[in-house]
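Before any questions on how it binds or moves, here is one chain, the form predicted on its own, in structure tokens.
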Amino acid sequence: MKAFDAIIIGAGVIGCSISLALARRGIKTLNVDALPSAGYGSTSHSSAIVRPFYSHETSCALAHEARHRWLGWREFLDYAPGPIARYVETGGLVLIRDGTDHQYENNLAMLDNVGVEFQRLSPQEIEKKYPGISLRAYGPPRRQHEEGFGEPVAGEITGGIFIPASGYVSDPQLAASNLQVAAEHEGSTFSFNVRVTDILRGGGAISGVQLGDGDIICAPTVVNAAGPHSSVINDLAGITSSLNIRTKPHRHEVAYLKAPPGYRQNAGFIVDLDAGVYQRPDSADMLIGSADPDCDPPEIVDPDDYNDQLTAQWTAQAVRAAQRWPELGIENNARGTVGLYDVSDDWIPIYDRTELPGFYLAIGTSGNQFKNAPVVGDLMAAIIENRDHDSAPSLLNLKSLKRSVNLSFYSRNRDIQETASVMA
């Protein structure tokens, strides 16, 4: 029987960050993951976009703080003997359709409050920065079989919000591996290809976990960072009914197409809610993800039994992107990736303790928390070290921003927040 100070269920980018933060505090950790290596699951399917464009101040501040760590990734890791993930700061643009400026008032106010610079671009400035782009309106987004799909409508893109302090990470799985190596250097242990089959209790508190091979691992602290399997782990722990916010695994596709002529790899990603997609450069390709428009119902799946092949959704996203980029060629052979998001009811993660003493949550990270991974480890350490987090919520000091945020924002007991799906 083995014993650790803390067991982290999951070795994605979030679980690895938690391991590193706890190990740096002298806590002996074990990460357990059913997959073969760090970042092999949802992390590897992430678009890895880093942007502070949120409608809540805490989300905006946390993302901007994390961006500073991505900028100094090697220094943050402290130990990185091999290749490391690269953060590419291209900036990013949010397109504004005529008559929708009011939808972004909270986002701009939060950028101001946090001290993030942004620029308002005119249509002419957008066309200069993104040669080949079309500013015709197509929204609201439609399904392929619906009348009017892919046809322009009255209206236009009348401007955009460009945030220079944004970009993307070149290799999200490598980023998780970097965190694993740094954590192991601090004394952490990782165990792969093994599932947690039971959450053990003793004296009304966590006592450890049982693994699929029958091994029992003892620890007074267990952190659920299991990504799309987070709800399964919560059920094992018997705490699901006590949560005000729940999580579900959503299936998502990301398309890769050869970038159209004139597309500038350094021009930055684009969030295009009018077309229902986002795009970012990826070497010679354009990466195209879904902005989860209302016309696309969420595809909630069994995380152990889902279609991992590209479908008609790939085509829909490619055509939606081609509305904005008329010279974008849609290839005969679909290229891309299929992965799962662990989505909470309001697309904001749960970083919190639970009613079961010693059992903690870092779940509901969806497709938008990869960017925050360098900070989430310290965030969870602050909650774990505060045994009274419910009544005296932990504060996280954001050193680069010289401010603190109240972590009750991520509480399991919060009311559902108003968000714009994956934009959160």
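It should be emphasised that the depicted structure is a prediction, and the values quoted were computed from it without experimental measurement. Just count from 1 along the sequence shown to find any residue number.
The protein also exists as the form predicted in complex with a small molecule; that form is not presented, and the subsequent description refers to it.
Considering the small molecule in the predicted complex, find the one stretch among 141 to 149, 121 to 129, 294 to 302, 193 to 201 with heavy atoms no farther than 4.5 Å from it.
Comparing against the small molecule in the predicted complex, the contact stretch is 193 to 201.
Since only the chain is shown here, I'm wondering whether Thr29 would be in contact with the small molecule in the predicted complex (any heavy atom pair within 4.5 Å).
Looking in the predicted complex, residue contacts with the small molecule do not include Thr29, since no heavy atom lies within 4.5 Å.
Wondering, does Phe370 line up within 4.5 Å of the small molecule in the predicted complex on heavy atoms?
The answer is yes: Phe370 has a heavy atom within 4.5 Å of the small molecule.
Check His45 for me: does it contact the small molecule in the predicted complex (non-hydrogen atoms, 4.5 angstroms)?
Result yes; His45 sits at the interface with the small molecule in the predicted complex.
Does at least one non-hydrogen atom of Pro228 fall within 4.5 angstroms of the small molecule in the predicted complex?
Output for Pro228 is yes: heavy atoms within 4.5 Å of the small molecule.
Go through Leu398, Ala382, Leu356, Ala34 and name the one with a heavy atom inside 4.5 Å of the small molecule in the predicted complex.
Comparing distances to the small molecule in the predicted complex, the residue within 4.5 Å is Ala34.
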